[in-house]
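Coming up is one lone chain in structure tokens, specifically the form predicted alone.
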Amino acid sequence: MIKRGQIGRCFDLNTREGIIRVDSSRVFYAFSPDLEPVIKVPPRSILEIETNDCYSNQLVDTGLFVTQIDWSRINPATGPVYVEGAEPGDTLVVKILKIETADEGLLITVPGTGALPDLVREARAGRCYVVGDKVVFRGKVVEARKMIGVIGVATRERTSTGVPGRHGGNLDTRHVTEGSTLYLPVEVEGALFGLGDLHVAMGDGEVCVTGCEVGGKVLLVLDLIKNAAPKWPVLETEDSIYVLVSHEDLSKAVTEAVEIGVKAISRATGLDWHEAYMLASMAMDVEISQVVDPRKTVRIRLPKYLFPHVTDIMKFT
């Protein structure tokens, strides 16, 4: 298992840049403007943030009865980190460099949860094992897909880390992974950034309510774009730009996400709305991130060849 680090500085042999290490002893369970920062950092800082698993490491073995754990300690986020100069109306830029996970994790089912809540007859826990780039569960092998489930900034009003929204939060989006960049709207001074809920594998939907839940470490860079904040989180990968929209009603999340995409295509290409709507039907994908959190999360995928710069989409979200 991953061992805890300490807050301090070391040097990365590849970048030769200082790395600020934040261990998993300081966590929070709700994004809020009154959070006490664990550390203050300038923009362009490189951080290594250690996380607990989504159960706050309470399930030490599968023999424990999962319904007896403390559910107020679910989805801990390490932090928060105060970013100097971050103000409401700015964008916090989170460049994910590397995700290191523990070599084993847990999945659970609990009656009344997941995409099929009425069909879950009992609470169970099952262990998953990481072997290279594979994950083994009950003798079956799937591809490892490391990602971050909870990642966000403080909201003006207290918001559970288990809930996704405009601030990020429990987005459970598998493309929030190594090499991607997440753009989050800053709502309070310092941004108060935190993350947790790592998965070594999770399918779109997260249908049973968990992926292969693990602790680990995330190496990332925090930066700012001043005076330009998207309405919803924007995610950039090598060839795509995603807008992540969350709502209690899945169909309403789809509607808002598609409206954003069509508007962005129209502005970027010069096409009128109806022509952009037709182009979107060919080039834009509507995808589901998760359907099991209090708000469901939908993402639209827009190919980068339609947008010279990611900020071209941010201004239309």
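Throughout, we count residues from 1 along the sequence that is shown. What you see is a predicted model, and the numbers here were worked out from it, not measured in a lab.
This next part talks about the form predicted together with a further copy of the same chain, which is not shown.
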So, in the predicted complex, is Ser180 in contact with a further copy of the same chain at a 4.5 angstroms heavy atom limit? no
Thr210 versus a further copy of the same chain, in the predicted complex: is there a non-hydrogen atom within 4.5 Å? yes
May I ask you to check whether His247 falls inside a 4.5 Å heavy atom distance of a further copy of the same chain in the predicted complex? no
Are any of the heavy atoms in His274 no more than 4.5 Å from a heavy atom of a further copy of the same chain in the predicted complex? yes
Quick one: from Ile69, Val258, Val38, Ala30, grab the residue that has a heavy atom within 4.5 Å of a further copy of the same chain in the predicted complex. Val258
The listed residue (Ile108, Val150, Leu184, Val188) that reaches within 4.5 Å of a further copy of the same chain in the predicted complex by any heavy atom is Ile108
Contact stretch among 219-227, 125-133, 91-99, 160-168 - heavy atom within 4.5 Å of a further copy of the same chain in the predicted complex: 125-133
Between 274-292 and a further copy of the same chain in the predicted complex, list the residues on our side with a heavy atom within 4.5 Å. His274, Glu275, Tyr277, Met278, Leu279, Ala280, Ser281, Met282, Ala283, Met284, Asp285, Val286, Ile288, Val291
